[in-house]
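One chain comes next, on its own, written out as structure tokens in the form predicted on its own.
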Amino acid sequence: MTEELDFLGQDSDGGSEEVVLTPAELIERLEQAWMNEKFAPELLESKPEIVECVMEQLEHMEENLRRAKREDLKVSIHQMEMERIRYVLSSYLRCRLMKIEKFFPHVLEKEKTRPEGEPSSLSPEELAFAREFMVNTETYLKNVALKHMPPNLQKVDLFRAVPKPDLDSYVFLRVRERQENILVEPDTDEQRDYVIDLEKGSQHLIRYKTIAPLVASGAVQLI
């Protein structure tokens, strides 16, 4: 797999820019998105371009395998690599769906109040799924429980009832780009704020809220 792929990404101003990636670089980006999504407590920015490009690449690999000789050792190696990529992709998408189901009122509220030009946390398909999930949840609660309760108790605020993502939870990370003057909030009122530098290649255990912008920018990788 040596051909290059056109990948539509986000530039620093929130606009779109075309980035040319090799298949290896594309899979690396998928794995980074997968690891970040797996270990972040909140739903991260949607990566529909990566998903689409990976699916196209898998189709291209399947076509190459159909033309290859079955006795060639490379066929078995490529088949194993395809299964690995499929696993990473499906795990990434499952992880996102699980977070949408777990935090759906907050995910939809964040999307509703998202400033114009800011990247969305949801792909169009995920947004439709989240809305449908909320409607189905409200309908289920009404039919099973709420309609049997007194009139003053027949309404439920899902935004208050469903827990928010815990942004104060701690995460492990590896620094991909050196960062200076990162403000760390104290764990207790007796402690003071302090500033740290993150050296490239170093690993840390730190509160997610502190480094959430660095995860979004790709400066750090959750592990």
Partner chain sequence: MSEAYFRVESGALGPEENFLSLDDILMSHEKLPVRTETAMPRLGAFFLERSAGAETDNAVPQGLALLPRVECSGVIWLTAALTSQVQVIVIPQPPMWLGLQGSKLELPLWLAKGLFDNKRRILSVELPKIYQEGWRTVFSADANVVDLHKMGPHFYGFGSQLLHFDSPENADISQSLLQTFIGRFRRIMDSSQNAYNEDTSALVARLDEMERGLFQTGQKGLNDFQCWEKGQASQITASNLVQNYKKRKFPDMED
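Positions refer to the first chain, counted from 1. In this text the structure is predicted, and so the values were computed from the model without any measurement.
Here the subject shifts to the form predicted together with its partner chain, a form of this protein not shown in this document.
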* **Selected contact from Met55, Ile196, Ala68, Ala161, since only one has a non-hydrogen atom within 4.5 angstroms of its partner chain in the predicted bound form** => Ala161
* Asked: Just one of Val156, Met61, Ile182, Ala40 has a heavy atom within 4.5 Å of its partner chain in the predicted bound form. Which one?
  -> Val156
* **Triplet Met82, Arg84 and Val88 all within 4.5 Å of its partner chain in the predicted bound form via a heavy atom** => no
* Would you check, heavy atoms only and a 4.5 Å threshold, whether Met134 touches its partner chain in the predicted bound form? => no
* Asked: Lys142 near its partner chain in the predicted bound form, any heavy atom under 4.5 Å?
  -> no
* Proximity of Lys102 to its partner chain in the predicted bound form, heavy atoms at 4.5 Å -> yes
* Answer for Cys95 alone: is it within 4.5 Å of its partner chain in the predicted bound form, judged on heavy atom distances? => yes
* Asked: Out of the stretches listed (161-169, 47-55, 23-31, 174-182), which one is close to its partner chain in the predicted bound form, meaning heavy atoms within 4.5 Å?
  -> 161-169
